[in-house]
Every structure is written in C-alpha cells, then in structure tokens.
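Next up: a single chain in structure tokens, the form predicted on its own.
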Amino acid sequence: MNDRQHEPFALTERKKAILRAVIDVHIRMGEPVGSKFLLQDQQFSLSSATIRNEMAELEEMGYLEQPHTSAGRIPSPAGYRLYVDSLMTRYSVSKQETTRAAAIAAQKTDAVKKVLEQASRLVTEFTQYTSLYMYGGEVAESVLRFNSVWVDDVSFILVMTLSDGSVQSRGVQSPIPLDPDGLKSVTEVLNRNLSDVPMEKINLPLILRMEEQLGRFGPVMSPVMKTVYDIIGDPSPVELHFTGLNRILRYPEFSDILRVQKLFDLFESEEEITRLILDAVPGQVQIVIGSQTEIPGMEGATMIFRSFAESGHPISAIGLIGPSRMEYARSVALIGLLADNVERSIGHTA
C-alpha cells in the first residue's frame, strides 16, 4: 500500500472530489460505486474514462477497494479516515433535533447517570445505531453525612453519603469496647466536624479535636479516619451501558454470524471500549474506525463518542457504534449536540 495514503496533500482537488463522491454514494446506497453511476449521480463534468482512471489511482493509493465480485469500488478504512478528517460536509441539525436535545440541558440535575441514559436513548432514536454511555471513575471530595449501625462491642458499620451522591458503607473494628450510646456520640462528632469538609482541610489538629470531644471513646477515631480516607480517595467503578444492541444487526456488514459474535463479545467484555474512552481527549468528538485499530470485533464498525472531564480526567461519555458505512456528518453533529446539552445539564465545561 502506498505511503501517500497518510498524506492528504498528495491528493489533487479532483481526486478529493471523486473520493468524497464515492463515499457519499456508498454510504447512501450500500453498494460498490462505478464510474458510470458516479458520473450520472454526481454530475461531474468529466468523462467516464477519466473518473475510472482517478478511481483506479485512489485504489492504488489505498483510499478505495474493489470487491472481487464487482466492477465498482468501496471506501477503504484509510478512505473513511480521510473523509471524516477533511472531506465530509457539515451536517446542520434540525430544529426538532435541537429542541429534543435541549430538553436534557433544561433539567439542571446532579443525577449524571440519569442524564447520560436519556442522552444515550436519544442517540439511538436519532441515528438508529447502537448507543453507549459510560459513567464512573469519579472521586468524591467529601462526606456529606455520617450514619452508623452498631454490630457488637468491638465492631460497627459506618455509612457515608458522599459528595458525588453515592452511599458507601464499611465495617469498622473498634480498638475499645463501644456500646450503642458511644457509637451515637462518635457519629455526632463526625457530622459536627467533618460533614462536607474537603479532604485537603482534614488535618491532624482537627482529628485531635474530635478525639478530645469523644473523651474515653477517642481511640475509635483512628480506625474511623482510616476508613474515611480510603473511601474519599477511591474512585467509583466505571460503568459502560449500551442501548439498541439489535440495531447493528440491521446492516448487511454484520450478516456474518461470526463477525456479529466477535462484536457482541467486545460489548460484553467492555474493557477495550472503556480503554478507548479513558485514553481519549475529553471534550472532543472522537471517531474510531474499527479496521484501523487492533481491537478484535471492531472490523467493519465505527465508534463515535465524546467524553466529559472533571479535573482533566474522563468520568463519563456518550457515543454510538455502527457500521463503517454510516452517516458520519450527521452522527458527529448529533453526538456533539447531545454532549453539549449533557454538559449544560450536569454543570461540566468542555
């Protein structure tokens, strides 16, 4: 394959126009594209022979492929990459799409997972592709409230409502005998001194002051604070969810049962897709053309997504997975539109 496929400037404007036209037609029709059909459909002021020669050169450069059963050509993964990077025209979202997406931003909620789920359903409804959302990896900054459950004289359960909205509970072993009244005192001291206090403001003088307030129950503070530090510094698990998995079966590219099985295995394992999202630059729409990756199961598929960041680390994302022969301009525009509204709703900034 010619190395020039990685250099878009090596293409003449005529070659770019023909490549764009071939891909546009193939996306629309789903069939190999021949020079005669291209001449009629796109109204080029060129001869069929000229278009045929240009398409042959584009094939030689690695941007087109010719199925052995057809005289026409289809885009290669490199052709799709060049198309999405510099050739596709911009899609103008409709008023209805804008209105539906804006309803997400109007919620102004802290329930991030719920907003992502709603956005994911709209992705599938708008595009008819399989949609996805990722949530997690967030680190709580503080404990909003402490509760406790007495178990016996030397053990209890500490229940913490965190600033990210989650509730965590941990078993704590007491270094001294502790009755229910003593545990109640410990819980009251924690709420009075640590409720909604950021980790960086919890220092030794504060801990010593709480021990003093607890009197003879002061030694309990040591295992309690170890538990608090472990919980606040521990990121929440990353969750990956898919909507409309059956949509992928509608496309002839996935009529091969072995290909479908590999793709569904990829969905089930989640690891590779999660890694792609976590490694991406937050705030930018990413287009991953499967055949250009080493991920098993992504052959013939494309993933488009955008992640959102908190302190530079991705904690959530929405996106879609469909055939490489997809409506790229519309899909990219809709993912961007929905991601903008998700960010407005949950208060993130790109």
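Definition used throughout: the rigid core is the maximal C-alpha set that superposes within 1.5 Å between two forms. Each residue number is its position in the shown sequence, starting from 1. Predicted model, so just to flag it, every value in this text is computed and none were measured.
We do not show the form predicted together with another copy of the chain, though everything after this point is about it.
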Close approach of R170 to another copy of the chain in the model of the complex, 4.5 Å, heavy atom: yes
Close approach of D265 to another copy of the chain in the model of the complex, 4.5 Å, heavy atom: yes
Contact test in the model of the complex: F254 vs another copy of the chain, heavy atoms, 4.5 Å: yes
Spell out, yes or no, whether the shortest heavy atom distance between W150 and another copy of the chain in the model of the complex is within 4.5 Å. yes
Sole residue of A71, V154, A102, V159 within 4.5 Å of another copy of the chain in the model of the complex, by heavy atom: V159
Go through M199, I176, L245, V93 and name the one with a heavy atom inside 4.5 Å of another copy of the chain in the model of the complex. L245
Could you tell me which of 217-225, 257-265, 73-81, 191-199 sits within 4.5 Å of another copy of the chain in the model of the complex, going by non-hydrogen atoms? 257-265
Taking the rigid core as the reference frame, is the Cα of V167 displaced by 2 Å or more between this form and the one not shown? yes
Once you overlay the rigid core, does the Cα of K226 travel 2 Å or further between this form and the one not shown? yes
After superposition on the rigid core, does the Cα atom of T187 shift by at least 2 Å between this form and the one not shown? yes
Under comparison with the form shown, the C-alpha atoms of N341 and V167 in the model of the complex shift by 3 angstroms or more, placing them closer
